[in-house]
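Only one chain is given next, in structure tokens, and it is the form predicted on its own.
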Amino acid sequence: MTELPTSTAKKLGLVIDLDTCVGCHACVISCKGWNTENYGAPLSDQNAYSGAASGTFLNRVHSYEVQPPMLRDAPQPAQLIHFPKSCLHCEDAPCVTVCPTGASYKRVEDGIVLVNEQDCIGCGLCAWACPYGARELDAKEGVMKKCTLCVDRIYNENLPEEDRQPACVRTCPAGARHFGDLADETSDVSILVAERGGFDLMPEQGTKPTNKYLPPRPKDAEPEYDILAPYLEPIANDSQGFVSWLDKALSALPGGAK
């Protein structure tokens, strides 16, 4: 069995804003493209052009219709929440400790959980141990696949600085995905989590996931019209200039304004 490090120098992970995600699946497509063309064995598809199509994805987006709490004793309309999910790179990752060959491991330098595909025998124990369903067995390659946080991108000095982040983060058109070191309290992601009340997925499992989610903001609050009130006041009570002339001209017409 594989042992987990007692601590890691960094905790690289994702912060996903459920209020901003529009469910466009751009992150899913970019993840599939990058990891098929670059890292490790390709992510295969089976019967891609049939009604029974299936394939391996490292990132998926689930959509749920939820009922917000009542406001002023009145029911509110249902709200659609898009929920992206991939490996959470847990601090206490059960997928690592059950691996019989040591193929699954957690890196000491940055906390990323990876799979050494050369050592993976496709037994599926890690998939059974993961409470989030974040691992997928590639039917063609016979090895376990999971999110790598695009480890081949984030340290690649041949890429421009702005591209050294996971493909899903770089691609998200809504800016709903954020990447950084969650062990650093001064990092942008840590500040975002603190300000928005970021939370763990299924904390009762005790896995201590690195990735965090930001809750949706309330959609049923009444707009603050009082803020606009000063701007709605008339500039002057008496018209001047061209407006004054036009008013007098129209009043002089038969049936004009009096």
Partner chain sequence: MHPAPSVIIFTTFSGLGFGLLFWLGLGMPAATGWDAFVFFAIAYLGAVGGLLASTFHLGHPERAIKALSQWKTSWLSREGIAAVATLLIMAVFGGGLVLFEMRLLPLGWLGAAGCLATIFTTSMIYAQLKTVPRWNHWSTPALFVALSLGGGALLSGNFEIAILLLLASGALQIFAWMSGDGRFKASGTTMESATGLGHIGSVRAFEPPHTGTNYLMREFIHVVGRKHAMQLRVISMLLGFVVPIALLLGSFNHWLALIAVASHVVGVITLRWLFFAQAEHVVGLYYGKR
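Residue numbers count along the first chain shown, from 1. Remember, predicted model here, so these are calculated numbers, not experimental data.
The next section is about a form of this same protein that is not shown, the form predicted in complex with the partner chain.
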Worksheet item: Where does the partner chain sit in the model of the complex: which of 181 to 189, 142 to 150, 163 to 171, 106 to 114, heavy atoms within 4.5 Å?
Response: 142 to 150
Discussion item. Can you work out whether residue 60 and the partner chain are in contact in the model of the complex, taking contact to mean some heavy atom pair no more than 4.5 Å apart?
Written reply: yes
Discussion item. So, residue 65 and the partner chain: in the model of the complex, are they within 4.5 Å at any heavy atom pair?
Written reply: yes
Item to complete: Determine whether any heavy atom of residue 202 comes within 4.5 Å of a heavy atom of the partner chain in the model of the complex, and answer yes or no.
Response: yes
Practice prompt. Give a yes or no for residue 81: in the model of the complex, does one of its heavy atoms lie within 4.5 Å of a heavy atom belonging to the partner chain?
Written response: yes
Practice prompt. Run the contact test on 54, 98 and 215 with a 4.5 Å heavy atom cut-off to the partner chain in the model of the complex and return yes or no.
Written response: yes
Practice prompt. For the heavy atom contacts within 4.5 Å of the partner chain in the model of the complex, list the residues of 119 to 134 involved, in sequence order.
Written response: 119, 120, 121, 122, 123, 124, 125, 127, 128, 129, 130, 131, 132, 133
